[in-house]
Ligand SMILES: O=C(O)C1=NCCCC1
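The chain that follows stands alone, in the form predicted alone, written as structure tokens.
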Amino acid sequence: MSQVHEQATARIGFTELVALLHQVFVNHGTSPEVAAILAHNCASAERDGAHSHGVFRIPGYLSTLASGWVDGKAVPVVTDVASGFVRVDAANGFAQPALEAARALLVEKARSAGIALMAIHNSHHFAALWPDVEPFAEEGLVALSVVNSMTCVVPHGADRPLFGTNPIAFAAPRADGLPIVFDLATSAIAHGDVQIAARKGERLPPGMGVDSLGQPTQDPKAILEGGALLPFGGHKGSALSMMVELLAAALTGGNFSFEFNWADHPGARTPWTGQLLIVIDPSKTAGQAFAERSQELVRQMHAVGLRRLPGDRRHRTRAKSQEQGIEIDRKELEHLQEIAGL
């Protein structure tokens, strides 16, 4: 690593970054309980190299909190609907505290019934989706989650945006390794990655988005300033994005990506939508064999030449961060310390 790079960056431990972000959130209007969950989530993304959902998101969080668009002190309301169904009203707060409030009940139901569903509405999701599902796989469960977002994606064959980036995340345990986890947007590229490319002055690959006139563009600023993203895989990604709208909004009672208007809240950045989680207990069917079967699938994937599984890079980055500390831009770290009041 060059001396210039060393001077431009700093390293911080995961626990220290969580504590720093916790203070930032508390200072800007969240309750200590909400701050703890958001700080852990954001620090986890930074630790694992998911920079578009790490500390890069902090200005958006704080701008949204200052706008009054989201309630940083909201207390979720959990309703036990049925043997395999939990409903959570996030009370215009963030989705992660809503998930945490009902997590124990969801796991209990999944282990009892074999499968359970959590429907979160009236919520704001502004983070990576994989941290929502990975902990379930660490407990031996299979988890799937979808969340819709703000309108910024043009459905295949249409000429105006309607869907959000609408990610899908999945996690499953395996016998001799870390869980299999993936998190993918149904758009051709995540919105946060477009923002990072614009900040760095980089161009995007073809097929990512269109400008304000609906013409293909590789300029991230043109996409962000009146343009829109495209779905991945044409009609296939568009169909999956539609599915996410139905599951995360229609089924949960949350807003569709096109149904909310933050015009009266200057600075608002978080989509006010919904989230669905499905958790399965594989012991009810395959028993302990499921984790072994997962491992066998991984072995066969490697045998046919696959060198990197979904989540491998994230796990490698996590291990490096745990050993050496989380690398972060020095000026960004100093700014965080300043707004934390340190």
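Please read all numbers here as calculations on a predicted model, not as lab measurements. Heads up: residue numbers just count along the shown sequence, starting at 1.
Below, we turn to the form predicted together with this ligand, even though it does not appear here.
Proximity of residue 221 to this ligand in the predicted complex falls outside the 4.5 Å heavy atom cutoff.
By the criterion of a heavy atom within 4.5 Å, residue 191 is counted among the residues contacting this ligand in the predicted complex. Of the heavy atoms in residue 150, some are within 4.5 Å of this ligand in the predicted complex. When contacts are judged by a 4.5 Å heavy atom cut-off, residue 165 counts as touching this ligand in the predicted complex. Screening 183-191, 246-254, 134-142, 72-80 for residues having heavy atoms within 4.5 Å of this ligand in the predicted complex returns a single hit, 183-191. The listed set 237, 271, 179, 93 contains one residue whose heavy atoms approach this ligand in the predicted complex to within 4.5 Å, identified as 271. Residues from 49-70 that approach this ligand in the predicted complex with a non-hydrogen atom closer than or equal to 4.5 Å are 53, 57, in the order they occur in the chain.
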